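Just the one chain here, laid out as structure tokens, in the form predicted on its own.
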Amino acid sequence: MVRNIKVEHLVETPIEKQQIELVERKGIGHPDSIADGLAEAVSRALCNEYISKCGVVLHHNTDETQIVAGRSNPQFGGGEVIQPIYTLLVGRATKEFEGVEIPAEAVALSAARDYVRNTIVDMDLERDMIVDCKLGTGSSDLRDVFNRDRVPVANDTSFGVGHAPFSELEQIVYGSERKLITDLKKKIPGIGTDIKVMGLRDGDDISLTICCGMVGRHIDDMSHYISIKEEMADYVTDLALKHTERNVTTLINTADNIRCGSVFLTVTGTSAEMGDDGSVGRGNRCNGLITPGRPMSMEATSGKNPINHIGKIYNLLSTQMARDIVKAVPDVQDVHIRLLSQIGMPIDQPLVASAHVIPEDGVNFASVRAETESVIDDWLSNVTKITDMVIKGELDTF
């Protein structure tokens, strides 16, 4: 099969050599990330339910989940949620197929509650959050799309974007949030899951500004709070220095006014408890970061069906392509992938698969082009692998 794959030599200063670089990550407890996580958890649960009962994944999209903030009264040593967070699971799902009834709402609610219990670990789900579900019925025409072709056809004319490799700052920003949650929180339970990391690199100076909702019941007093901030800053700086020889400065909760007693204290570890709403697709891209210096798609990835929804498949696919190109093709400094679909056409035949490559100086670009084309073509030949990886939970979407 001949595909329209274009590989171009991009004449541009690589991100690592630019003067200014900005990178952001919204952690798993940020309200936007909670919405993303719930949407994806529900989609994955529906996929598995459909496979179990019908043998195939049926049409659904759950990418409209909304978080409506509650109200709380956080205190050192305690505090309480006064008005629960309201979560609305919204989307479309197939509820009947060839005489088989599928309890879509029940599956969605169960998946959402499990996700919150396992992820927002400081939240009392029985008291602190209301989970509601409003799933419409999927279109019969769209249901037919899933069974009509060996390779699914695109649901829309849309595009996906990916890049590789991560720069030093991108590695640091992503890794800081992940390690604070998966490692340091085990030692310091007062660290909440709502952690936002903003990284600035100005030449060889890296500044990390971290906003973290601390969990009041695990913190004795203001002195204890300050000591946790200091330990977090030292931990992140040490972590960053494993990835860079540049200068690193880490600041935690810079809006705190210690003298007035105004600090970022929570009951549940997330700002969703006190005025911060959340929506799917408003935070991290599918690589886990927000990178204004890189090509990005603004489309949400979480919650979309993994069979033929280009907003999901091509964003994940382009990211995997970029990462594999960097591994397989020597002397590539940066690669940007853009995949454009055409509605109604098989997803393994994009209207164009475009790669912009920044090679090392003096490299034979003909060789780079050929090897890059090969990686892209191989992924397109096995495009449904992305679907399998999503259903198995092997790919993050935010």
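Because the structure is a prediction, the values reported are computed rather than measured. Numbers follow the displayed sequence, beginning with 1.
We do not show the form predicted in complex with another copy of the chain, though everything after this point is about it.
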| note | Answer key, another copy of the chain contact in the predicted complex at 4.5 Å (heavy atoms) among Leu88, Ala328, Leu241, Met222: the residue is Leu88
| note | Heavy atom within 4.5 Å of another copy of the chain in the predicted complex, from candidates Thr119, Ser110, Thr249, Ser227, belongs to Ser110
| remark: Among 170-178, 316-324, 95-103, 231-239, the stretch whose residues bring a heavy atom within 4.5 Å of another copy of the chain in the predicted complex is 95-103
| said: Taking another copy of the chain as it sits in the predicted complex, is Cys260 in contact with it (heavy atom to heavy atom, 4.5 Å or less)? | reply: no
| Does another copy of the chain get within 4.5 angstroms of any non-hydrogen atom of Ser354 in the predicted complex? | yes
| query | Though only this chain appears here, would Val81 touch another copy of the chain in the predicted complex if you measure heavy atom gaps against 4.5 Å? | reply | yes
| said: I'd like to know if Pro292 sits close to another copy of the chain in the predicted complex, meaning any non-hydrogen atom pair within 4.5 angstroms. | reply: yes
